[in-house]
Each structure stands twice: as structure tokens, then as C-alpha cells.
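Take a look at this single chain, the form predicted alone, given in C-alpha cells.
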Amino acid sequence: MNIFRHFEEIVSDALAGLQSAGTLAADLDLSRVAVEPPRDPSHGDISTNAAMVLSKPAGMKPRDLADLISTALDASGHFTDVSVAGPGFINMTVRDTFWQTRLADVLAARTSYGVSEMGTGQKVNVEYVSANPTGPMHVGHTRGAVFGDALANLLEKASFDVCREYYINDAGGQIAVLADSAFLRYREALGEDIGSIPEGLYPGDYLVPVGRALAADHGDALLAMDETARHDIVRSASVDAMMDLIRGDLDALGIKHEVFFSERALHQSGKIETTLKQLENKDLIYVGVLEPPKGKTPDDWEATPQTLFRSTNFGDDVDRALKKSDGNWTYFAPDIAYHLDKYERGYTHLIVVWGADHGGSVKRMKSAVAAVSEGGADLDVKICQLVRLMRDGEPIKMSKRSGTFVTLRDVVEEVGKDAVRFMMLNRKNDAPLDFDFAKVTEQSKDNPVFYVQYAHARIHSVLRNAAADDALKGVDIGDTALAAADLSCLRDEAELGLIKHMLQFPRMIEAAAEAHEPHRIAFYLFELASSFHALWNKGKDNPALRFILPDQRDATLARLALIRATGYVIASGLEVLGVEPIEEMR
């Protein structure tokens, strides 16, 4: 239950009452009225801008209208205080009993708490990772992989029908380089001394097993084979081997895709030609000449006729080329056909997760989706900025071509899946991120994944102690019994603050899902963990606030209800991030 929907109804009822009384016009547009928590908690629990946005159409001063609305809200009986602040904001303080009784909702839902019906089964395609299958995944791929997977989890939590998809770039020049590199390793496997790897080929040892497998399957037959036929065999075997490697890397992060879509199959299907023919029939493709790129002058720019897409019709800066000078397709052409294929599969909401070097392609891709779907699909491109890997305060340099890169598997094996996933989500996707090996294994508040998991483990430690406590022998401390406890015992400011914090979770899920920003859940969990740890520490200083009080059964059961509910919310949030809610720190 998003409790703010409840308060929206209360504000709506107050406004409807003013409309019925003739104080406000019956046809007044209420769509801009917002009901949300105030930025400063000292101002109350709920705030609304109703008077601010309705004053002009109502022909009243904001403060005067705010006074009328606040009087109606005060009369509703839901609040202990309703006040007008500043130019006309209305702040409300909710009765403690409302917060206390809502714990039963969390205990009933358990880790399903936060599930929203917002998506109502709408189909969403989330394409992420899509790393070129030319080697194992390195740490630079990790951020997009974790971000895309967490975003898919988040959208599912909001009841969208999500497809996780990987686009295999198996048709470009890098695949030809991969095949040549694997063939070299094949010759090595046959006993040839290949010397140092030539410049331009992939030198990594990960291709040694590919060469050996080719030798085992074909003996020396490939050496005498026609180059085209040989290349097809080596290319296919190499891509399959690299995709197996990549799937294993993703599995180490707990990531699985439902669909792996081959670019090469797209080329072979004729889909590119048919897609572009459709655009041509709509007069969206023409042969023309582009202006010199930025930084080029007419003197050093050779203007040649090209096949162009009218992307400027859809808000792009310039029209975009579909063919290279050698007659082959640009990367843009198959991308258009691929996104049309997604749309034809029934996905009207398309999300793609790209690396920092793809930022310049966003406008053209949005234009293409608008064109091929005739406005029926929307595309959101999420750019993941670079990750700087640190060790002992020094950045670790990586080069895929030189073979000196840190793999995703290396990082997961050193610090664990949970630390990798949480830390990759601990910044907004479009902000650079430093991944420090020392920080992500540190057991302190400075390490957010530890701090959140520690809160969950502490909660379960208290619950284990309660189950073993002689004063509670024979007492039911299951969820149903705790929900029926006297929750009015939870009166301390820190206890009520923790309840209010956890009850914001459904609203956070909806806001993060709408914005496609899973990092908001990581931030929320850290703040919730901070509220819990603060209450724990308060109990250390004040024994009357401890969770287990042998001589006060009612207070103990109420506090066990409080922390068990907190544990469920933490576990629900960690589920979105793909992080395990551990029950015991080791």
C-alpha cells in the first residue's frame, strides 16, 4: 500500500467538500495537486501544494485558500496538526495510531511489501550488457549489467511484464578480428610457433581454449580450407565460445537474460532491407550530402552523396547515414531494424542500457524508434558512465587489446557478488563511479552494502535471541501474532521515525520505477538501515528502549513486530538490487 495514495484521497475529499459548498468551482483541474512528504521532517508528515497550484484558477490568494483547505483537513480527524507554511504550503502531522497500525500491512506482505500495480502488466523490453562477444566481460561492462538487471527487477516489482534482452553484436569488424585471433590460436594448438601476437589481434589467453577446441574438432583440415568457409567455421565457434564465457560471467553476478538476439541473424533475415524500405516508402530515406562535422571546415571535408535517414524530422540535430562509403550498412541501419523487431514483438516500452561512449547515438535512436513505430513506442536510453577501479588508492589501468584488463569474474571472486551489485548501484547511472576494493570489503558505515546487510543480520540476531529467551517461552512471535500485538507501545520518536521511513518504501518503488532509477532503492535502504542502527544505539544508551524487555511482554512484542517489519522491507529492497539479505554476519 502506497500510504500517500491514502492521503491523496483525504486531500481530494477536502477539496471535493469545498467544491460541493461552492467555495471552489466544480470543474477545477486538480491534476497538479501533489501530496508528498515535506523536505524537512520537522514540518510534519505530509505536505500538499494544493493551495499554491489552485489559487490562480480559483481566483484566490494562496494563503487564503490554504486556510480554507487546512480547516477542512483538520476537520477530517486524521491529523493532530494542520498548518500553513510560507506562501501557502499545507503541512499535516498524522496521528501515531495510523503509523503503528500500518506495521500489520508490512508483516502480512513480508518481502512482497512494496509491490505496486503501477505497471498493470505493460510489456517492457530492457536490453542491457550487449557486450561485443570478443572476450570475457571486464569491469567496465559490470555497471551496465548490474544497472540493467536491477532496473528489470524494479519494473517487475511495479508489475510491468519485463523481458531481459541481450543483443549479440556478432556481425561487425571486431568479430572478424576475433576469428583471425582464434585461428592464430588454432595454429598454435596444432604445434606451430606463432611468436608474439600481431598488432590488431586479441592477445588474451582466453582464446587458447578456443584454438584447442577447433584443433580437436577439425584437426588440420582448416589450414587447407577455402578462406571464406574456414572463416565462417572459426567465427561461429569463436562467438559461441565467447558467449558461453559471457553467460558464465553474468551468472556469477546472478544475471540471466530471457532473449539473446543475434545481429548476424538480423542481417541474414533481410529484416534490415525491409525495414528501410518501409521508411523509404514514408519518404524518410533519401540520398543527400551532410554538412561537415563539428571541427571540420569545408576545405578538409569531402562531401559525398550518402543514403540518409530524416532523423531531423523527429528532433535529431542532423540526418543520419545508413550506408558507409563502401556500400555496407552503418551500425545505425541494423539498430533501426532491431528496434522495429522489438516493437513488432509487442513491446511499446523500450529501454536500452549503453556505455558512456554511446551518448552521441541517443537522439538518432530515439528518432528511429519514433519513425518505425509511428509514435507507438517510447525509448529510454540509459547511459552508464565509466567505472574507475581502484586498488590502494591507485587506479587500475585496463586495455582489452593488450590483454591486461580486469575481468568481471576477477572482481566478483575477490569481493563477492553482493558487494559488486550494491556498489555499482550506489551512484546514479550517469555519474562516474569509483570502485575501491578496500572500501567495498570494509566493515563500517562507510561501506553501504555492509551497513545495510548488517542491519538485516542484527534484526535476525534479535529475533533469534527472543526465540531463546526464557521470558518468552511459549509465546508466539510469528508474524500474525506480532501484527496483533499492542503496537501503541511504540511511542518513542525513533520508533515512530523508523515506521514512517519503512512505510515510504512503496512510494519509493513507484517513483524509482517511473524514473528508471534503481539507485534510489540503494539510497533508500542505506537511510532505512541508518534509522534502524540509530534505534539500536539508542537502546544501548537507554535500557528502556531495548528490543527485548523480559518484564514487559507487550513492549517486547511490539518492538519485535517493528524490527521484523523493518527486516522485510530491507529484504524486499535488496531483492530489487539482486543482493542477498543475509541473516548472520561471519
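Source: prediction; values computed, not measured. Sequential numbering from 1, following the sequence displayed. Throughout, rigid core stands for the largest set of C-alpha atoms superposing within 1.5 Å between the two forms.
Here the subject shifts to the form predicted in complex with the RNA, a form of this protein not shown in this document.
- Contact with the RNA in the predicted complex, defined as any heavy atom within 4.5 Å, is confined among 111 to 119, 249 to 257, 320 to 328, 234 to 242 to 320 to 328.
- Though the partner is left out of this view, P432 does reach within 4.5 Å of the RNA in the predicted complex, counting heavy atoms only.
- Taking the partner from the other structure, the RNA in the predicted complex has a heavy atom within 4.5 Å of a heavy atom of T304.
- The RNA is not drawn, but in the predicted complex it has a heavy atom within 4.5 Å of A534.
- With a 4.5 Å cutoff on heavy atoms, D541 counts as touching the RNA in the predicted complex.
- Interface residue among A356, A484, V208, A265, judged by heavy atoms within 4.5 Å of the RNA in the predicted complex: A356.
- This chain lacks the partner; the member of K271, K366, R310, R458 within 4.5 angstroms of the RNA in the predicted complex by a non-hydrogen atom is R458.
- Contact annotation for the candidate site: N132, P293 and N465 all lie close to the RNA in the predicted complex (heavy atom within 4.5 Å).
- Along 546 to 566, a non-hydrogen atom within 4.5 Å of the RNA in the predicted complex is carried by R546, F547, I548, in order along the sequence.
- The Cα position of D40 differs by 2 Å or more between the shown form and the other one after fitting on the rigid core.
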